[in-house]
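For reference, the chain that follows is the form predicted on its own, supplied as structure tokens.
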């Protein structure tokens, strides 16, 4: 057992006074392309990554759930039967919301959980990773089952519970993409209307994804994310059912001009432009992966960032700077922000044999240009969130 894992086991015993019985691993995720279209029915292309949230777990035979977060150095105590507890604006709201949405009302089905994370950067979905971990722990506490990785029906049901917890209790109007990507694992194309998904051809071995952490954190609740969702709902109301079809992102591109003509201001027109063109980029990106065309895939990633920057206006000067610097390097096929934006992380599609030089150059130039220290590191595709006996 690695030293860090041994420390965690000892920490669990020290904090809870018992020995952990299970380990839970929930990956983070990037979105290769298809940003801000999950909450309007689009098809997206998320990838589970090998940076993750790790938990140690044990049933406690009580009607209480206790969760200790290494990141916040804080213990949360949740009584699942208490449905009157209101959110407090801190990390434990996610636990309270998930247990409420999962209808955890059984007596003596509580558990203890020690949580550690390597997902400190914005844009890698640390909140959904945490929720997926809780969902697996809660399901095991209630049923004694460790969900098979191929049981997509039950995993998607848990993903919906995670989404509802974030929407209804935490108060963030997020889509289904993040929890689904984490609970399903791999690189997929997910239809956020139907929840049907396909596993995509992996990146060629000569290429990899680099995460570019701008060093500028953000939180979804404190960003313009909710405002963008409100703008989408306004567009839906203005266009009506006749034009919408299978969701705003799936609007026929040939009807885009007609649809924009029904919108009263330039901001909503620009938002719609991004939603429809981003959906087309996802479809084209899947085709590029299928034939190993990394050049065109990189071009689509660049176009995605420019659209998020100008039409959807969710980028930041730091995200623009670091993606521009990455594109200037010969190793890079494409670079774009990932996640909700307003800070956090970008990703670059790069030649694997040039990563070291790319990261050195981009880090130095980024600091000189912005005064921020960036963290750049390679990530690989990870499997689904899982629970396993120790």
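Residue numbers count along the first chain shown, from 1. A quick note: this is a predicted structure, and the numbers were derived from the prediction, not measured.
Just so it is clear, the following notes concern the form predicted together with a small molecule, a form of the same protein that is not shown.
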_Contact label in the predicted complex: residue 249 to the small molecule, heavy atom within 4.5 Å_ = no
*Is there a heavy atom of residue 99 lying 4.5 Å or less from a heavy atom of the small molecule in the predicted complex?*
no
*According to a 4.5 angstroms non-hydrogen atom cut-off, is residue 174 in contact with the small molecule in the predicted complex?*
yes
*Even though the small molecule is not shown here, does residue 91 get within 4.5 Å of it in the predicted complex, heavy atoms only?*
no
*asked:* Using a 4.5 Å heavy atom cut-off, which residue among 197, 140, 225, 169 comes into contact with the small molecule in the predicted complex?
replied: 225
*asked:* Just to be sure I understand the contacts: of 48, 67, 56, 340, which is the one whose heavy atoms reach within 4.5 angstroms of the small molecule in the predicted complex?
replied: 340
*Of 32 to 40, 326 to 334, 58 to 66, 356 to 364, which is the one stretch near the small molecule in the predicted complex, taking non-hydrogen atoms within 4.5 angstroms as near?*
32 to 40
